[in-house]
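Here's a solo chain for you in structure tokens, the form predicted alone.
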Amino acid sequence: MYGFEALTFNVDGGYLEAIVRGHRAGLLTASDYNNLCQCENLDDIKMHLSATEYGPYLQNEPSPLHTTTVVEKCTLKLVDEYKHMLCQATEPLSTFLEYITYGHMIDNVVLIVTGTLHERDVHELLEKCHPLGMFDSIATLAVAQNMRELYRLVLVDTPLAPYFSECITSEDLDDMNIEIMRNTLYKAYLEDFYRFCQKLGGATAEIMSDLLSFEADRRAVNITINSIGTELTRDDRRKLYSNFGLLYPYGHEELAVCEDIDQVRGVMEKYPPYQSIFAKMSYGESQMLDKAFYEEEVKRLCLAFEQQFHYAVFFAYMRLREQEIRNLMWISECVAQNQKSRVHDSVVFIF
């Protein structure tokens, strides 16, 4: 169907594909989530997780537990698995795995710059950074006053350097400019990752183009909704949309002129894959939109495992594990704050 990947894929990629499929078997199931939702306190959650792959990471944690500790230890497991796969990978899989972390790098850069703007302590900010997005000179981000300095002093030696060419200005960094910077960087990153996957060809290109197109479309919708009522012009809004995806180009033209959530809904309902997402919401509400998008994403990520001999399983596994950590964080917060009636509001079941 795709040429001859099946003949040669296992020479370099067979071991790691087996590893990642084994990790996928360790994801929490619906019955695990139902048991976690019954827990009375964080120690109960720890006790239940001790029977899962998270057990060794939580076993030495003293009581009383905090939500941040649970999330930190679960993230540490993901980082360990990622580093093991990266160490074993050869080209082009090693480059593919590095691309997966660039999104976290962008989030970390934005976190440090925003925190510095609001005079937060740099060490405190570094603790909040995602470990997959760390790089050597990240602590020196705090000295930059504008985009040009940010690039020249810090980011020129990082993988994000090529993505900065579109957003280097001499304007001072404020909340609006930082948000525009984040979205411009993400646009450049997604387009670059998309091009890289297309070059790989075969099943990787087919499955990753679907997953990345969904990500680009979701970002386009979020940018539109978040910029309603701000000073961002239609042209500025359009520039932040990625140049691929199901909505490109005609959907982007329509989204750029939307004035409220119902107009966004009207645009999205013209595209069959997104009709089911917006059908779950009543008119005028956007609170449930994030969860509906996450549920759709999880379905697509699980489908990536239905085929063999491609790299999309690594992307899918990392995303599914990140969704699992979000679920655990929400459940832990609800239990810690005695809000168990809301525990199902944001949990996205993976299987």
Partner chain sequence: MEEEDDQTLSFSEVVEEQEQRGSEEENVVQFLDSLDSYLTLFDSLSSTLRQGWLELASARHSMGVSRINGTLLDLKPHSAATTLQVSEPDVDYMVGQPHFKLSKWASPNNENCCSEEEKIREDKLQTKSDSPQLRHRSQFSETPATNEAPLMVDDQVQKERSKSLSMFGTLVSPKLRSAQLSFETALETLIEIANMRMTTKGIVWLKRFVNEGFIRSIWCRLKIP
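Numbering follows the first chain given and starts at 1. Note that the coordinates shown come from a computational prediction; the quantities given were computed from them, not determined experimentally.
Note that the form predicted in complex with the partner chain isn't included here; everything after this is about it.
**Q** Taking 4.5 Å between heavy atoms as the contact cutoff, choose which of Asp262, Asp175, Asp80, Glu91 touches the partner chain in the predicted complex.
**A** Of Asp262, Asp175, Asp80, Glu91, the residue with a heavy atom within 4.5 Å of the partner chain in the predicted complex is Asp175.
**Q** Note which of Leu160, Met181, Leu125, Leu150 lies within 4.5 Å of the partner chain in the predicted complex, where distance is taken over heavy atoms; exactly one does.
**A** If I apply the 4.5 Å criterion carefully, the residue I get is Leu125.
**Q** Does at least one non-hydrogen atom of Cys334 fall within 4.5 angstroms of the partner chain in the predicted complex?
**A** Output for Cys334 is yes: heavy atoms within 4.5 Å of the partner chain.
**Q** Is there a non-hydrogen atom of Ile225 within 4.5 angstroms of a non-hydrogen atom of the partner chain in the predicted complex?
**A** So Ile225 counts as contacting the partner chain.
**Q** Determine whether any heavy atom of Glu98 comes within 4.5 Å of a heavy atom of the partner chain in the predicted complex, and answer yes or no.
**A** No.
**Q** Can any non-hydrogen atom of Glu61 be found within 4.5 angstroms of the partner chain in the predicted complex?
**A** Taking the distances in the predicted complex, the answer for Glu61 is no, it never comes within 4.5 Å of the partner chain.
**Q** Which one of these stretches, 113-121, 247-255, 190-198, 263-271, sits within 4.5 Å of the partner chain in the predicted complex when only heavy atoms are counted?
**A** Every other range fails; the passing one is 113-121.
**Q** At 4.5 angstroms, heavy atoms only, are Met329, Gln339 and Ser346 all close to the partner chain in the predicted complex?
**A** Yes, all three are in contact.
**Q** Just to make sure I understand: among 6-27, which residues lie within 4.5 Å of the partner chain in the predicted complex, judging by heavy atoms?
**A** The stretch does not touch the partner at all.
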